[in-house]
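Below you will find one chain, with nothing else, as structure tokens; this is the form predicted on its own, and questions on how it binds or moves follow later.
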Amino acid sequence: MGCGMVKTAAPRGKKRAMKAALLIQRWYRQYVARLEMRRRCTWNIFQSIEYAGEQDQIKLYNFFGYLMDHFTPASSERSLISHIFRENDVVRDTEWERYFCYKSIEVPDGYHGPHLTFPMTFCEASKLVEAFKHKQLLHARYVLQLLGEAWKLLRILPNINYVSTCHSKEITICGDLHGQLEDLLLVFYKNGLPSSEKPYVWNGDFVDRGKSSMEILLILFAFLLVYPNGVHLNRGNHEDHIVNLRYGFTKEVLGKYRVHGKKILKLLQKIFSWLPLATVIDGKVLVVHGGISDTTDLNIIARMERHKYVSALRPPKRSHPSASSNRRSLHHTEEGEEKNHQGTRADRRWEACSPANRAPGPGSGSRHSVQRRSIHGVSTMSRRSEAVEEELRRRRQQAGLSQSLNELRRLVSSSSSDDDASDSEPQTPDDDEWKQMVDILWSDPMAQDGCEPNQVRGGGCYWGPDVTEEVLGRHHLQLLIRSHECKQDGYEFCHNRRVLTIFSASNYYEVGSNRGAYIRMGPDLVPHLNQYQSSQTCRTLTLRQSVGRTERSALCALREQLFAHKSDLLAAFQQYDPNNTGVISLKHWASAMEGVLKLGLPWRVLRSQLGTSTQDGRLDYREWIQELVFTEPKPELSNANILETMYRNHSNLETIFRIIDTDHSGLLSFEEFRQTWKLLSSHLKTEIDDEAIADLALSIDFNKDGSIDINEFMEAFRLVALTAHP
């Protein structure tokens, strides 16, 4: 009888255990689902704010373009920003090479960083990696020398690199790095350094946002020089000197190289324009930074003169002046910018490798330049032709390219010699060609069929699965690999697995926000994905801790946006409150939020996380606005109108500052400060009082020397949450 009781109790115990297991499973699934919802919402906040910033950048640059196209050359607004559009001035590369000459720069005895010798070797490149790993800075002489050699090599590379795999080696494809050296070093640690047996494709966006963009560029260019067949670089949308003004690379270079920073930036501007645009692996896999559109044609991309597009944000408008004016344009451009800020420092700026190579001084007229050319023209052209031919032959052999010498000469004819430019007719921009460039650098995939303008970023397009099928089919391709978008897992397939996004900058938005990844691909062309996270901190966090940390950072960034738009939000709320009760419905609150910020966020879901309280489904919007508390400047600096304008347009303001600071000194005079604000007010179509600007300038001139430090000014007015302080 006792045995019978045991037999009946056993099934009951199993049933209870099964029920408990199901309850635990249900609870865990709900827990994970809630975390996933929070994670996706956080991700949307970060991405919406990022894309809104890119849209602002393009709008600002379009405004500058409007000034250039519609204002007279003598207008003050046009003169302030005209120098950023001089990239297409026709100046022979031989002139630029003299300007970028490094030989007059001495390396002091006290320098303890890496010393480079050329031609570069694997050992030299490896030493450079180790030096940067230990936070050492490469001397400006070696920077200019290394960048100069990379520029020469890039000028003979085609627009589209064609690479192949074989049974003995795989190729590695990496996405955006965005100045995060830790990710690059981790990829090298896990996958090995580049070599002929371990080729790499780096798919653009090497710079901006992170603090080590310069080091990443120098490492990649060093290995490119050592293994021109083993390292392939694609241009990204951030390899653009206009974008760099906003997202940190310009500031980084000038901070690390105060004396020679301007020259380095100008050389990098040239280098970025010569980066190849795409890579094709085994004729079947296309690698581009952004994506494609319904008009993408690899034949057009292969033929375009890519170096014309120094900035892809605006089509080039080139003209070919006479050779004498070509020779003067570089000298007078640099000299004129210097005189605007530092008096007569043109002779120091215009350094050549020897006195014989120096440009004519201020007292030399253009007539003498013309005479010198007419006397020595024939012999100079002959010697230059021989030198170019020899250089092309050597570079072709070094790069292992199969093109004939004549084909290569045609490839670089515009950069090697512009002696015939005076006979050419002015060129008008090819809008179709420019669109091809913008689309492959800025576009994103979408789930729906079709192709439409990318209004979220402000540039490129959204393309659907039907476009992918058509473009890949037309070019006999089977897979498109692109980057350009941060993905939580470091990668993402879409369009029936025919499009693969790869992103190599881990912890992009916040520590723990995302993994980085790279692809290894063999002859079977099957992508093998490898994930990583460079920060040791995130490896110790639980899923809940990681989501919570990222969520707090995203909400802080969102509150900054809300604080900067307080006046507009208040006005929008009052539209739904005609009786001035101070209370509106949650529906109206969400509509007003989206109407002002246009971020496409689920505002009603975010309500509780933004500190709002409701009563019977209604919200006191005045009290809610008071809860958006951030530290503000001292009372003597406070002017409500100008301060809110600055908070809202913080990045635009810094961009304009750095454009007007043509000598890159980091200092602005009071007049330049006033002109900056006037330019911003023209862009925003608002009035900013001159007296308020003058009071602001006086109040932040801390040392009373009549100039304003840009970095100190921007930091003084950066929003910081009060809750961040103990």
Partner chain sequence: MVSEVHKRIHNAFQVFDHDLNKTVDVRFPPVPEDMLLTAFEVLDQQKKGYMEPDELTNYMRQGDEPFTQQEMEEMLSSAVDSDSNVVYYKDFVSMMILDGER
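Residue numbers count along the first chain shown, from 1. If you're wondering where the values come from, they're calculated on a predicted model, not measured in any experiment.
We do not show the form predicted together with the partner chain, though everything after this point is about it.
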Location of the partner chain contact in the predicted bound form, chosen stretch of 690-698, 666-674, 48-56, 31-39 [non-hydrogen atom, 4.5 Å]: 31-39
His112 within 4.5 Å of the partner chain in the predicted bound form, heavy atoms: no
Exercise: Asp208 in contact with the partner chain in the predicted bound form, heavy atom 4.5 Å: no
Distance check, Arg544 to the partner chain in the predicted bound form, heavy atom within 4.5 Å: yes
Exercise: Cys123 in contact with the partner chain in the predicted bound form, heavy atom 4.5 Å: no
Sole residue of Glu560, Glu654, Glu215, Glu551 within 4.5 Å of the partner chain in the predicted bound form, by heavy atom: Glu551
The single option of Gln488, Gln609, Gln136, Ser591 touching the partner chain in the predicted bound form, heavy atom within 4.5 Å: Gln609
Stretch 18-51 - residues with a heavy atom within 4.5 Å of the partner chain in the predicted bound form: Met18, Ala20, Ala21, Leu22, Leu23, Ile24, Gln25, Arg26, Trp27, Tyr28, Arg29, Gln30, Tyr31, Ala33, Arg34, Met37, Arg38
